[in-house]
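As structure tokens, one chain now follows by itself in the form predicted on its own.
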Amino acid sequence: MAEIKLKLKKKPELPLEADIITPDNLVGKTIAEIKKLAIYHGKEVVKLGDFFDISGKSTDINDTKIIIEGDLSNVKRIGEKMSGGEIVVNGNVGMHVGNQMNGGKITVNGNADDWAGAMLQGGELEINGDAGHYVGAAYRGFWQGMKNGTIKVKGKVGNETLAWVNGSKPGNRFPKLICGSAGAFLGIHSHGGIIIVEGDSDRCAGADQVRGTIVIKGKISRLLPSFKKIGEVNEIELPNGEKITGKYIEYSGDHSVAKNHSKIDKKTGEISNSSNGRLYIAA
């Protein structure tokens, strides 16, 4: 695999908008051309070569790896909308890494700021540290977040991770998150996501969930009262066919909000909210 190497010369004083750093944008260009690519440093237009030492070469998009070295905690939007190839970040990274990507793989060997993998359409984002709030979530004003692909976070994810996630079994779309632990409102407004938490989760996981599966292998600080206990299970079959074994308590929900698939009792007129969402917590 051909490699393009970028080494940060100095940490930018202002946020650096680096959405140009994707295999899609760098493939087919010489190193001299890559150095001249325009990026924003605050409100100023600068060149990529002003902030990075750049070397290597590329072939085609799916056979190109971009390796980035340095503290990129103030560098945003790396890998935005990428469709193939690979990016490896050896260090912390700023907001919006891998947002709206639909192919390829991004590995962050450090921590990631807010909105990592926001509205992911496909591909794989792996973060070997912690991630901020809104991982894989829908941006404000949108009602569909992550729709496919996989996000893996070794450490903790922040609040409202996978908000408005939208999967489809008939459409063969199974957006999936695996994380070490999670903040509050995990999977809020879920419409078909798969979420696996290896440790504990903060309060209100699955709030307003219509479809989807959340598996918490540790404890939850507060379970919403709108989830109904079904019973104990020893095996969980995920929507994508994968199975998880162990002792879990199964709940259905969220039953708090009337949805399009709610049922009205003809005799009493009462609404009986039916939810296909499932929440599993270690027994």
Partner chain sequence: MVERKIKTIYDVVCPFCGTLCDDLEVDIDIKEDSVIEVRNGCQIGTKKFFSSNPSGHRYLKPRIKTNGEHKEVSWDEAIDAAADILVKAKRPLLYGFSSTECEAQSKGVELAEILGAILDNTASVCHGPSLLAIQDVGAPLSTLGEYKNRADLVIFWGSNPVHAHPRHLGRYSEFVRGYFRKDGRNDRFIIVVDPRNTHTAQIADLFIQVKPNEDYELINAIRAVLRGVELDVKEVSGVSIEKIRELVDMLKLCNFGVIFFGMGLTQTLAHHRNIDAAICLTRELNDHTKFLLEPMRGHYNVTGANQVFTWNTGYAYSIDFSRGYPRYNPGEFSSVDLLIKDEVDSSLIVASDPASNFPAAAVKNLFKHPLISIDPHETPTSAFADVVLPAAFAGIECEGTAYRMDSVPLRLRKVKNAPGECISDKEILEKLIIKVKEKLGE
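Numbering follows the first chain given and starts at 1. The shown structure was predicted, so the numbers you read here are calculated from the model rather than taken from an experiment.
This next part talks about the form predicted together with its partner chain, which is not shown.
Enquirer: Test of understanding: in the predicted bound form, would residue 61 fall inside 4.5 Å of its partner chain by heavy atoms?
Expert: Although its partner chain is absent here, residue 61 would stay clear of it in the predicted bound form, with no heavy atoms inside 4.5 Å.
Enquirer: Residue 36 near its partner chain in the predicted bound form, any heavy atom under 4.5 Å?
Expert: Contact with its partner chain, no.
Enquirer: Might residue 240 be said to contact its partner chain in the predicted bound form, defining contact as any heavy atom within 4.5 Å?
Expert: Because no heavy atom of residue 240 falls inside 4.5 Å of its partner chain in the predicted bound form, the answer is no.
Enquirer: Should residue 203 be counted as a contact of its partner chain in the predicted bound form, where contact means heavy atoms within 4.5 Å?
Expert: Yes - in the predicted bound form, heavy atoms of residue 203 and its partner chain come within 4.5 Å of each other.
Enquirer: Its partner chain isn't shown here, but in the predicted bound form, which of 94-102, 145-153, 193-201, 170-178 has heavy atoms within 4.5 Å of it?
Expert: Result of the contact check: 94-102.
Enquirer: From first to last in sequence, which residues of 96-118 have any non-hydrogen atom within 4.5 angstroms of its partner chain in the predicted bound form?
Expert: Residues within 4.5 Å: 96, 113, 115.
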